[in-house]
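Let's start with one chain on its own, the form predicted on its own, as structure tokens.
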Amino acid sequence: MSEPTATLLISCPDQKGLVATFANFIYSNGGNIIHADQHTDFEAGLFLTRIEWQLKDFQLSRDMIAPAFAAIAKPMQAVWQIHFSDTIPRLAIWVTKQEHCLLDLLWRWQGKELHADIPILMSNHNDLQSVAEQFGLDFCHIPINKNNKIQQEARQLEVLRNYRIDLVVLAKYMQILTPEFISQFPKVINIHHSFLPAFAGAKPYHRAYERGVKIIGATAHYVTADLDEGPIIEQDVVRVSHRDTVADLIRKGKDLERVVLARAVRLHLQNRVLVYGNRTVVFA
């Protein structure tokens, strides 16, 4: 869309008249809805929706939309966010030594598939500094071990603040973030090389091979204090057989990791993911 749009992501207790109420807010202010999707989680008693409309001819200025909608949302006990399509999020990609997910994201970004600015690449090793230079990114090397983790995470947070980062993407960053870090910067997406919840933690391909699985997968999820248990955004699988070695599983898994992480980042940037509890609704 060449014209800017606004998007509301809303979750609230299910009740009558919600669709009409939200649509009328936009209609009564001169807005034209171009996308609307919804889901009701009957067990949780929650209604979840994504509504996108054109800002052209909308009668409320951008800074007035949130307070105006808040007056409607409060009696409904709604949790909500508003996003504008011409606001460009700023991403920081974190890596260790593996480059396959990093390169895939940067190629897609260079090809205008990802609506974002990526000003910095951060790593606990120097191995991928040349990739940052190739794509014109700043490179920040912050080595981390178990003895300096708290101090180094403070440095990482400072870098994120200085670069005004909105989202961190862990593209095979082989360090566990502390709960303290996540509490201060919760917008983090990770790629895990298994079909979670199976084989969480380290060396999932080795454990999958030992178990003799017939499919392997990859999972992109938001990071929480519980290792590999955050809300899942995207997953995919590929078949394997008894003829495949661990190396074959790793090779096939890397292909999945690239695609799954890219899909998850794109969905997040398009404001299509709504988190509630430890689950997500993805309005794809």
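This one's a predicted model, so the numbers in the text were calculated from it and none came from an experiment. The first residue of the sequence shown is number 1, and the count goes up from there.
Beyond the structure shown, there is the form predicted together with another copy of the chain, which is absent from this document and is the topic of what follows.
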Open item on the list: Checking a candidate spot here: are 34, 107 and 278 all in contact with another copy of the chain in the model of the complex (at least one heavy atom each within 4.5 Å)?
Closed with: yes
Open item on the list: Even though the partner isn't displayed, in the model of the complex is residue 212 close enough to another copy of the chain, meaning a heavy atom within 4.5 Å?
Closed with: yes
Open item on the list: I'd like to know whether residue 136 contacts another copy of the chain in the model of the complex, with contact meaning heavy atoms within 4.5 angstroms.
Closed with: no
TODO: Spell out, yes or no, whether the shortest heavy atom distance between residue 45 and another copy of the chain in the model of the complex is within 4.5 Å.
DONE: no
Task: residue 57, heavy atom within 4.5 angstroms of another copy of the chain in the model of the complex - done: yes
Open item on the list: Within 4.5 Å, heavy atoms only, one stretch in 157 to 165, 96 to 104, 180 to 188, 77 to 85 touches another copy of the chain in the model of the complex. Which?
Closed with: 96 to 104
- [ ] Could you run down 257 to 274 and flag each residue that has a heavy atom within 4.5 Å of another copy of the chain in the model of the complex?
- [x] 258, 259, 263, 266
